[in-house]
Structures are given as C-alpha cells and as structure tokens.
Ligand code: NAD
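Before any questions on how it binds or moves, here is one chain, the form predicted on its own, in structure tokens.
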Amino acid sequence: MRVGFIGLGNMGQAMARNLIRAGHQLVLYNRTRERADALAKEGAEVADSPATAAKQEVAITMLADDNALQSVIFGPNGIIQGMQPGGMHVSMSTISPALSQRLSAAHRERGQRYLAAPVFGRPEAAAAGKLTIVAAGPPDAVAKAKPLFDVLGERTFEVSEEPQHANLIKISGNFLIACVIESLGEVFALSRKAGLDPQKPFDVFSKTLFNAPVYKIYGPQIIEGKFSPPGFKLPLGLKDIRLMYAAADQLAVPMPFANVVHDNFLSAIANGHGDLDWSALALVAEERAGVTGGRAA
C-alpha cells in the first residue's frame, strides 16, 4: 500500500520503519527533514510538504499535540489540501476528542475519509511492532487500515464508528497510567522513609494484586531512577491530563483526582524535571517526603 506518513518523532520513526520493512511504499514528511532522509535510505520517499505526502491511498499522522496536527492539516500545503477525494487520513496521535470531531467533519466535506487510531505503547513497543491500537471510524475505513495496524501493533480494538471515542479512550488510558505512576511514587517514598527497600513491596504487589504491564514497566523505572532518556516527557503527560480535563469539562464530569495529578505534573516541571520521562512524576512524592535517591534527606 502507498502510505503517506507525517510525523517522525521517537514513535513515528519506529512505526514508519516497520511499515517500510513490511513492504509498504512510504512517502514521508517531517518538519525536521533529516529524520525523513534517514528513512529514505531504507526505501522511503521524502515529500516536501504534508500535502504531497497525503496524496497517497492512506495518510498517517503521528504528531505531538493538537497544535502540531492542526498545522499540518489546515496550514499552508496541508494534508487536507493534498488528499484526494476518497483518500483516508488515519490519525494515530494523542489528540483531543474535540479536534478529532473537527477533523472528521472537515474530511467529510471534501469527500475524504477519517479514522482515529491512537496507540498505547512506548518507543520500544513501537520498534517491536507491539503497540495496542484503538480504532474508531467507519467500518470500511477500519478494514482498509487493518493491514497497516497488523504491522504496527499486536492488537487492535475497534471501539466505535465515532472517531472521537478512540481519542477519549486514549486520554483516559494515559490518565490512568499517570495515576499509577503517582501512586507508585507515594508508596515508594513511604517505604524509603521507613528504611525499607521499595523493591520489596514492589515484588509483593507486582506478583499478586497488581500483576499488570503498567506496574511492571514503571515500577522498576521509578525504583532505579531511570528517567532519562525519556520515552515520553513530563510535559507531554501534562498535556494529556489537560486534554482529559477539557473533555471532562465539556461533558460536566467531575474528576477530582485529575486535580492532584495535574498539580504534581506542574510541580515536577517547576522543579526542573521537564526533560525527564513522565515516570519522574514520582520524584514529587520523594521530594515532599524528604527522600532522595533512596536516602533520607
């Protein structure tokens, strides 16, 4: 399949590489051209604008936030201008449900198709083709994209015919992950302050009550302080909590614990941790408890 791929950050580059290796013909666009040129050596073409990349059967976007996506969709030489009638945009970014609704309407007006398919998984999962994909949109659009999803992920959930529902699930999932990181940080700070190696309670919990991937990924990172290089930076986590806030506000749904997590993200960034992985959110609990690096301050 000929695929336009726009957005070659840590996630996008790994995803695009897997599609190339699976035999798909990719036309790439990235604001920093060097990332696209690196994949050209592996057989991809490089476009000079999002509009050119979007002329293919399918155009995938994998960008950091709403602003970045809007700029390549509606900006000069944007995707919506270059995509042909009948073409399909697959948005795999973590964006707001509100923007997803806007994109769906804008593509529909031009006779184009739109599918939301955000992913769960860090860069290492993207590189291994083991992402979890949450797809929402017209069934025929999901079916067309399925061969691509089979390369990129190990499981695809088809959740709705309304694209924004996939985005709501994605930001809800990231909110839950942030809550796990926050709770692990608090428990580990408590253990350290008591003179107990946090690995001990983690072994108990991760092998019994909380035997789940999210605990097994983030628990060791927090215990060992492996916050760099980041797989997902703290400001991106804060962005997703704000997206959750906006969606909840629009639907008049109180989310009191979101306030706690939001403020702790701000504290982490204010204290100089903004370039670290979002698991460094746990440092806020350590600093408040007066423990640093496992030692009482």
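The structure displayed is predicted, hence computed values, not measured ones. Throughout, we count residues from 1 along the sequence that is shown.
Omitted here: the form predicted together with ligand NAD. The next part is about that form.
- Stretch-level contact check against ligand NAD in the predicted complex with heavy atoms at 4.5 Å: of 246-254, 23-31, 39-47, 266-274, the positive one is 23-31.
- For the residues I80, V119, A189, L99, the 4.5 Å heavy atom test against ligand NAD in the predicted complex is passed only by V119.
- If you check ligand NAD in the predicted complex, you find a heavy atom from every one of S71, T94 and P123 within 4.5 Å.
- When ligand NAD is considered in the predicted complex, M11 lines it closely, a heavy atom lying within 4.5 Å.
- Taking the partner from the other structure, ligand NAD in the predicted complex has a heavy atom within 4.5 Å of a heavy atom of K239.
- G7 belongs to the set of residues with a heavy atom inside 4.5 Å of ligand NAD in the predicted complex.
- Not displayed here, ligand NAD is kept clear of H262 by more than 4.5 Å at the level of heavy atoms in the predicted complex.
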